[in-house]
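First, one chain by itself in structure tokens, the form predicted on its own.
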Amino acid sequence: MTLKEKIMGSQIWKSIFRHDFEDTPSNRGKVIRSNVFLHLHPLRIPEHAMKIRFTWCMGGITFFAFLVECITGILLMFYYHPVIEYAYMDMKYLQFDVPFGQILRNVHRWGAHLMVFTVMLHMLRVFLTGSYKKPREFNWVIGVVLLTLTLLMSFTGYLLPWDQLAYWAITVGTNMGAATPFFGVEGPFPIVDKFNDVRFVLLGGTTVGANALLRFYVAHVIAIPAIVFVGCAIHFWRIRKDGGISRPL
């Protein structure tokens, strides 16, 4: 018995891979169904789906950019304190003192811009090719939600450097929230006051301060990415269940 046969015949191997590797249609299907990574793809992929000129690979590039953001974001967390006394100085420390710190921050920043750009191109491609039509209506809705969450991740990360640009940009953005109908104190038909409207919920107060920085930090590094991970899992699963990448009209 060869070493390969011994390994593939061991209980450890069988506990991980619950099928043999004889080249049969049944086993080829089992390879896909029993692997968490390959299971994202259907058993059969139309020939057109392999052509870059149809898909532009925008969905995959967007997900890759999200993974880059997660990795670089985790590394940036080692050098950042979400408090107003240290936030700005942490950015300067990262820029001038941490080895390759400026590169790390720039990769994270430009990766965020790339993710916003590619997710919009992905949505455009899906729209132009009619990929939102039956039976993919639900997955289109999931995609719109993921687009919104992508914009929210970009918005919440904007405050974290705690410089003048970030401060006034978030001031303007949250003031727009105060103009929300019914739930904004400055919007039409307000049913709330300034201490429980949309802006107060976003900022944790009536002005951009320590509470706002902490809330935006938690939303940026924990809450929104967690929802995006779940949304991506559902999105990929629905692509598979809906027959893979849609065919041209």
Partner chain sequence: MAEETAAALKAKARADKKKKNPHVWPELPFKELMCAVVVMLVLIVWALWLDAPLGEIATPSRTENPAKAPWYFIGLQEILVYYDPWYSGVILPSIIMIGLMAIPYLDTNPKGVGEYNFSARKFAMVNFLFGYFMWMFAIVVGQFMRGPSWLFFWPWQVWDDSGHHDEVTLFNIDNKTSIIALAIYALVGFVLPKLLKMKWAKNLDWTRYIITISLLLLMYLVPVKVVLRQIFHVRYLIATPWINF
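Residue numbers count along the first chain shown, from 1. All figures in this text were calculated on a predicted structure; none of them were measured in a lab. Here, rigid core means the biggest group of C-alpha atoms that superpose within 1.5 Å across both forms.
Beyond the structure shown, there is the form predicted in complex with the partner chain, which is absent from this document and is the topic of what follows.
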May I ask you to choose, among 179, 83, 75, 98, the residue with a heavy atom within 4.5 Å of the partner chain in the model of the complex? 179
In this chain shown alone, the residue from 61, 218, 192, 210 with a heavy atom within 4.5 Å of the partner chain in the model of the complex is 61
Within 4.5 Å of the partner chain in the model of the complex: all of 45, 56 and 103, by heavy atom? yes
Are any of the heavy atoms in residue 222 no more than 4.5 Å from a heavy atom of the partner chain in the model of the complex? no
4.5 Å heavy atom contact, residue 32 to the partner chain in the model of the complex: yes
Residue-level question: is residue 117 within 4.5 Å of the partner chain in the model of the complex, judged on heavy atoms? yes
If you check in the model of the complex, is residue 140 within 4.5 Å of the partner chain, heavy atoms only? yes
Can you tell me which bits of 57-94 touch the partner chain in the model of the complex, meaning any heavy atom within 4.5 Å? 57, 61, 64, 68, 88, 89, 91, 92
Given a core-based superposition, decide whether the C-alpha of residue 204 shifts by 2 Å or more between this form and the one not shown. no
